[in-house]
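Next up: a single chain in structure tokens, the form predicted on its own.
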Amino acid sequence: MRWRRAVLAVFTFLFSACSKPAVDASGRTVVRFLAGPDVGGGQKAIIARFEALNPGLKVEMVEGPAASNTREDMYAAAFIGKESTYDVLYMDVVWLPKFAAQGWLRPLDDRFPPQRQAEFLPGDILGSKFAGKTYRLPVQSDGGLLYYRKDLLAAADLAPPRTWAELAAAAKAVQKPPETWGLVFQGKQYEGLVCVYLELLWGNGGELIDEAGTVLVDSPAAVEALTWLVDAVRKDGFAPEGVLTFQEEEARHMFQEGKAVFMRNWPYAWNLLQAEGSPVKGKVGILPMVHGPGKASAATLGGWGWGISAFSEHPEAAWKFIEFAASLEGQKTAYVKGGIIPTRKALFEDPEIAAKSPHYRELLGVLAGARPRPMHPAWARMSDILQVRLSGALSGQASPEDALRAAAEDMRAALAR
């Protein structure tokens, strides 16, 4: 279990961190949060600006480990003991259902009403809610998308694909395996595979689970989506069997080395693909993930946001800070310093951002269709089940129908417990 893997690090850390002072030596109220390494210095710059504007407040950022699941455990360990160690949470979208269901987060609806929520991308707002209440201010957007080689498609006189059939046809027409394959994606048995599958499932009009908690992953639409993905590897042959070992970086390296025509990945890959010395610099385009016949594209939502601990002794000060961090100024600072994708719609029209990241025009179209993974407190267990069954189908150990039938049975049993 993750708790056992992280327990020594967690409790060693908490032993030194739990005695958070309410005020510092100069009398300022202290607001504290845990985050990963501050690559680019964006968090520090936001904190410095906030403190300059609010001289009576001090924000203390604890830089924890890079592994987000370890930070999740560290937050959880503090909140299980109802500790006020952290006033503010910088949290992954997938943490929210569990944390909210446990009563560890303060609802923000009175401070963050619908008219203010309308300033943000809709998927990021959906990923900030649980059981009808809002618990998060989203500040970093993310969503799965399809990268493609513009030059290779143009040379073959092919348009960028929009549907499964169009992608399969283009991939098979252009690829020259083993030197160049049609499609690479995250096919290893982990959360990334679930994200890939959800985009195909939603893009075929299917659902994993409905609002009433009914498991639907064995529906015809769900089976069709998995069949397409399995056939790409095992029948149609435009994705290499090696994708069963791929996470994000393995797929990116293969695509960046010119060995794939299409790649499903996240927005982070763009800057790496366009870097000096990249073999595909200037040759890459982005699209929403392809969809089933007569349906619409979907993207699995990732991203981060700010919440307030239910145990904070300074909720007013905590709100002031996260409100600033999620403001236009705060999000633009995060973009400039660390390339963080904003969640505010207006920043996609900011002249400086548009000039530096012209691909954001296309990226906005992807993020507009982003959806959070099911906002269910048992999501981690559901994902674990799905990972095993999807992997079994991709490796040829089970048919798509049998794999999803078993996944549905496992999920129903897990939710019943």
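Each form is matched to the other, and the largest set of C-alpha atoms that superpose within 1.5 Å is called the rigid core. No experiment lies behind these values; they were computed from the predicted model shown. Each residue number is its position in the shown sequence, starting from 1.
What follows is about the form predicted together with a small molecule, which we do not show.
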Self-check item: Three-residue site V93, E191 and W304 fully in contact with the small molecule in the predicted complex at 4.5 Å by heavy atom
Solution: yes
Quiz item: Exactly one stretch in 271-279, 85-93, 254-262, 314-322 has heavy atoms within 4.5 Å of the small molecule in the predicted complex; which is it?
Solution: 85-93
Self-check item: Proximity of R373 to the small molecule in the predicted complex, heavy atoms at 4.5 Å
Solution: yes
Quiz item: According to a 4.5 angstroms non-hydrogen atom cut-off, is C195 in contact with the small molecule in the predicted complex?
Solution: yes
Quiz item: Does any heavy atom of E248 come within 4.5 Å of a heavy atom of the small molecule in the predicted complex?
Solution: yes
Practice problem: Check whether Q387 has any heavy atom within 4.5 Å of a heavy atom of the small molecule in the predicted complex, and answer yes or no. | Solution: no
Exercise. Scan S357, T29, N54, S68 and let me know which has any heavy atom within 4.5 Å of the small molecule in the predicted complex.
Key: S68
Quiz item: Which residue among Y147, F120, W266, W104 has a heavy atom within 4.5 angstroms of the small molecule in the predicted complex?
Solution: W266
Self-check item: Is_shifted A67 between this form and the one not shown (CA, 2 Å cut-off, rigid core)
Solution: yes
Exercise. Kindly check if the Cα atom of L96 is displaced 2 angstroms or more between this form and the one not shown relative to the superposed rigid core.
Key: yes
Quiz item: Where do T70 and Y190 end up in the predicted complex, Cα atoms closer or farther than shown, with a change of 3 Å or more?
Solution: closer
Practice problem: Taking the shown form as the reference, report whether the CA atoms of A67 and E249 lie closer or farther apart in the predicted complex; the distance changes by 3 angstroms or more. | Solution: closer
